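In structure tokens, the next block holds one chain alone, the form predicted on its own.
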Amino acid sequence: MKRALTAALLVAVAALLLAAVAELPPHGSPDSPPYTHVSAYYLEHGPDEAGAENMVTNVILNYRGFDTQGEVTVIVTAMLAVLAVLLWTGQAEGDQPGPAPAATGSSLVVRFIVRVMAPFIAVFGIYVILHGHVTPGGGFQGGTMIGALVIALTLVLEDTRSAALLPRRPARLLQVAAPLTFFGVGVIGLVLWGEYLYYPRDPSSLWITELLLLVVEAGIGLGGAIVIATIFRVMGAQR
């Protein structure tokens, strides 16, 4: 009975999706909305009503914010699945205390370069996150830089110092920073303007839109960095 209900539900969802796909314009059709009015509208009105000079940010965080929120939720869910698999197979950090790889495997030159470049990489990563609404970049890109930096420092620092870079208890909470930030901004829109994930378009309120976009970018960057570093730490704990 349970299998039959599951199969029926899957068939119903598949039918809905196929019906929706059937209504889409043919791929590459010059009559499709992106080629007729949508792209032109975004380019003409985006900077004035979406709160960012970077059109990519306007599209990702504002015009299609629901889709991006779903994406970051999927990323966090995938990370939790990876951690669950590692824990299940006995390869997680809890099996062997202490952070992952020791510094003994890296050369003096590598350790020196990483330590010298670390402050510059950190500043650039933060800059990319906070200026994603103006220049190319944003939370995804900046978060990846910060996460990679934490991994590099983990490889060259002593265990105690590398463990201090990413305390486990705060890290566990901050792993979900991206979807929580999206949800918080969405609730703010719902409470203040009556629509979930709404950004004010009044020219006098664009500073609020810009501020909310910055909050979302920061949440994505922080959560992304923690996710990348956590997966590396858990995978390295078995070494």
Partner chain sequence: MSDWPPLLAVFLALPLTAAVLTPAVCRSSSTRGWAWALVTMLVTSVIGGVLIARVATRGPFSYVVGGWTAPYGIELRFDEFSAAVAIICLLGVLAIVFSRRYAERALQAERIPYYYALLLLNLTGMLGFTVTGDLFNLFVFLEILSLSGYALVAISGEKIAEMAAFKYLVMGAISSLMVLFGTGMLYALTGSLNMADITSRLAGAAQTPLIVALGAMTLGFMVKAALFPLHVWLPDAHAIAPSPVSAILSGLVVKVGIIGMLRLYQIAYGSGAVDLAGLNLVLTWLGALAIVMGAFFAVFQDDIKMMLAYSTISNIGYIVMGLGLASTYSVIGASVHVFNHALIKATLFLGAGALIHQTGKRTLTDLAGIGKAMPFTVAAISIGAISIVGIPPTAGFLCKWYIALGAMQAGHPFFGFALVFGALLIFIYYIRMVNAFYFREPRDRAAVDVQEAPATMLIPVLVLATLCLVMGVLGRLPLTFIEPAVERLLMPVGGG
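Since the model is a prediction, treat every value here as computed from it, not as a measurement. Residue numbers count along the first chain shown, from 1. For clarity, a rigid core is taken as the largest C-alpha set superposing within 1.5 Å between two forms.
Just so you know, the form predicted in complex with the partner chain exists too; it's not on screen, but the next bit is about it.
Within 4.5 angstroms, counting heavy atoms, which one of the listed stretches 156-164, 141-149, 69-77, 121-129 is next to the partner chain in the predicted bound form? One stretch meets the cut-off, namely 69-77.
Applying a 4.5 Å heavy atom distance criterion, does Leu173 contact the partner chain in the predicted bound form? Judged by the heavy-atom cut-off of 4.5 Å, Leu173 is in contact with the partner chain in the predicted bound form.
At 4.5 Å between heavy atoms, is Ala12 in contact with the partner chain in the predicted bound form? No, Ala12 is distant from the partner.
Is Leu214 close to the partner chain in the predicted bound form, meaning a heavy atom pair under 4.5 Å apart or at it? Contact check for Leu214: no, nothing within 4.5 Å of the partner chain in the predicted bound form.
Heavy atom to heavy atom, is Asn62 within 4.5 Å of the partner chain in the predicted bound form? Heavy-atom contact with the partner chain at 4.5 Å: present for Asn62.
Scan 25-39 and write down, in order along the chain, each residue with a heavy atom lying within 4.5 Å of the partner chain in the predicted bound form. Residues within 4.5 Å: Pro25, Pro33, Pro34, His37, Val38, Ser39.
Would you say whether Asp31 is displaced between the shown form and the other one, judging by a C-alpha shift of 2 Å or more on the superposed rigid core? It does shift by 2 Å or more.
Classify the change in Cα distance between Pro136 and Gly28 in the predicted bound form as closer or farther, relative to the shown form (magnitude of 3 Å or more). Compared with this form, Pro136 and Gly28 lie closer in the predicted bound form.
Where do Pro136 and Tyr35 end up in the predicted bound form, Cα atoms closer or farther than shown, with a change of 3 Å or more? They are closer; the C-alpha distance drops by 3 Å or more in the predicted bound form.
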